[in-house]
Every structure is written in structure tokens, then in C-alpha cells.
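Consider the single chain below, provided in C-alpha cells and representing the form predicted alone.
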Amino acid sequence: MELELSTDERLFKQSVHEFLSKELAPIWSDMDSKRSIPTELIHKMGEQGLFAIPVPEEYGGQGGSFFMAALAVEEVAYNDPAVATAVFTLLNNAWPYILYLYGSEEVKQEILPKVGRGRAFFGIASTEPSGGSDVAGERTYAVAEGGVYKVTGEKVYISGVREAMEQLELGSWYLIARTAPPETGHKGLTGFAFVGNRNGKRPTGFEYSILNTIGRHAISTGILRFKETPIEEKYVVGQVGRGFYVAMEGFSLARVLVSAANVGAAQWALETAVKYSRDRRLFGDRPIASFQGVSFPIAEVAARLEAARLLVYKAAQVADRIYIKKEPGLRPHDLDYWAAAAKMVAVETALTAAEVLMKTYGALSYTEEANVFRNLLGVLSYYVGAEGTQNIMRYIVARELIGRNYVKG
């Protein structure tokens, strides 16, 4: 495995870091307090080329790679360790690529260029009140009526609702709905590019609301409600009845970028803990880093983070071999193991890093002035869910390693 960045990748990472250190790092905690990503920042990030990175230029993307997208998301999370901006960024890289792969030409031209410029949002609307891990059991349904599908149901814990519906020109999601009877299971699901906002106008029968979350405040999490909401047939993504399979591809790609976000957030936590352990002095003016109870946990995080980063980079490289380089013999399914393994390791490393940071700060960490609690609550969102729970990641790794016939859900 090649560990060195190419010249283009190194220059890209450096330019992203320089941009974000000026535009994002100084305001991330204020964003978390105010529960908002400034629209101007989203526009600037689009102009910087941070969205739709792997999407070809002819569709308004950057014509880059998933490895470059991972580098970008890592930098975003490092400069916003509450990971709100990273969520926005990773969604608008993974799911637009799915639309590029499987959407109709007209719909791709409508949505993707705006996403690339930071004027539109394209995320994922899958989770329902009954659960998120059981995608095959989803109940939201769509009935075809003369070239239009009427969608009825509810999606919950959906990222980017306020941003998509109130801040940008166009707000949309990859929406999964049932187009065949429940007994058809995963084969009865179809994916749609659902547009909920066009310059302030929303379709009939569609409502939304915002949930109050305990962290990652700057990006909204909400509920989408549908009551015979019309979606034209041209907005079907892929084929009717193939929505589950398209979603699984999207989740694997998104997991690679989720993992990159956690690496970036963990790097911030590690560096912050190191600095504080050097500066904080006790017991005869000794730095607390001189105590092994402080320094050893930091050392363990550093080692785990190096391993997590390599695993994330490996997953991103596999994604590029499949989708960008199109190497013969590789299939989308071949990414599942690496994406799940990367998310499993990176998320738990980030959570441990946040915990070690809190303990290094001691009682100060429990105050808003310290700001480190924002990192803990942000990465916690990935531990309890977001592109699949940690136990789902373990199931996927076990299934791919041991075999589907031996590991059955």
C-alpha cells in the first residue's frame, strides 16, 4: 500500500487546510452554540471545491477522487471538531456520486452542478421511526400514478434538513420508498432523488421539522413527512425495485468519508490533549504530562489514530479502484469490508480520543468555556448511528470475512 500522498493530493490537502484554518477554525464553536452553519460558509466551501469532489466536471463536480474527498473531510473535521460541517461535506460528496451513477441525465444536470457550487444539498433519507438498520423493512411507500409516484410515510434523524429547506437554493435527498408489497422485502424498494425545496417552494403533502440534538448542533437533524407527495418518474435513481442495492453502495461510500471525519476529529482531540498536558502544571510546577496516568492514554490514542488513518486511506483507495479507475474484476460490493472496518475503527478511536481529552482537562472539560465537550458530543453521533451502527459494522466485517452462509442476520 502506498502511504505517501501524490503531489496533487498533498497540494490539495494543504490548500484545504489553509482555507479552513481561516474560514472555519475561528468560528466552529460559535457555530455549535448558535446551531447554524453560515450560508456564506457553505457557498465559500463550494467555491473552494469541497463538494461533489469525485463527480466528473461535466456534471458540475470537481473531477477528483474519493481519496481526495477523504482528505477534504478529514481537514473539515479537524477544523470543526464538533463534526457538523464534516457531516454536510461528506453527505455532499458520497450521495451526489450515487446520483451521478444512477440518476437520469435531466435530474443530474438539475441537481449536481448546484451541489458542486455549494448552492444545493443532496443527502440521504432512509431512517424511519421503526428503525434505521433494517433498511429492507422500511414502510414509507410510493404508488405509481401515470408517470408520477405518490409518496406517503416518514423519515427521521435526517441530516441537513434546515440547510436544505431554508438556506440553499435547492434541497434534496436520496429517498428510499417501497414500491412493491412488504413481503417483497428489500427487492420492493426504489430510490428517488426527492427535491423538497426549489427556491423556497416545496411539493404538496410534504412537511418537515427540526429535532433538538445533544451535540453536533451546527448542522440540523430533522424529520421529513410525506402524504401523497408527488415525485415525477424521472427522479427514480436506478431501476424500480433496485433502491436497496443503490443505497448499500451509497452507504459504503459514505462510511469511508464518515471514517475520515472521525480521523480528523480525533487528530484535533489528540493535539489539544498534548498541548494541555504540557501547559497544565501541578505538584511543584510539574507538567501533568509527566504523570503516566495522563501521558499513557494520550500515547495509546496516538498509536490507534495512526492505524485508523491508514485503514481509512486504504478504504478510500479501494473506492477509487472500483469507481474512478474502474479496475477489472472489482465490484461495488468489494468496498463493503473496507468501509465497515474503517468506520468501526475510526469512530471508536475518535470517541476514545474525545474521552482522553476530557479526562486530560479534568473538571474544566465539563464547562462550556473549554469547548472540548463539543468534540465528544459530535463524534458520539457516529458511535450511536449515522451510516450504520457500530454493531452493523461488525456484522458486515464478519459476514465478508467468514462468509454469508455462516454469518446470517
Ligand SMILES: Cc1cc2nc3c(=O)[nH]c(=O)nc-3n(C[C@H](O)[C@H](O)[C@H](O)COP(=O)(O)OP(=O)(O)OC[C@H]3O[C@@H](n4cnc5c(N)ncnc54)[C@H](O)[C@@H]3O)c2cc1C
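Since the structure is predicted, the reported quantities are computational estimates derived from the model, not experimental observations. Numbers for residues come from their place in the sequence shown, where the first is 1.
In what follows, reference is made to the form predicted in complex with this ligand, a form of this protein that is not presented.
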### Heavy atom of each of Ser133, Ile158 and Ile392 within 4.5 Å of this ligand in the model of the complex
yes
#### Entry: 4.5 Å heavy atom contact, Ala125 to this ligand in the model of the complex
yes
### Message
Quick check on Ser65: any heavy atom within 4.5 Å of this ligand in the model of the complex?
### Response
no
### Query
Are any of the heavy atoms in Thr221 no more than 4.5 Å from a heavy atom of this ligand in the model of the complex?
yes
### Query
Would Ile396 count as touching this ligand in the model of the complex under a 4.5 Å heavy atom rule?
no
### Message
At 4.5 Å between heavy atoms, only one of the stretches 21-29, 8-16, 382-390, 396-404 reaches this ligand in the model of the complex; which one is it?
### Response
382-390
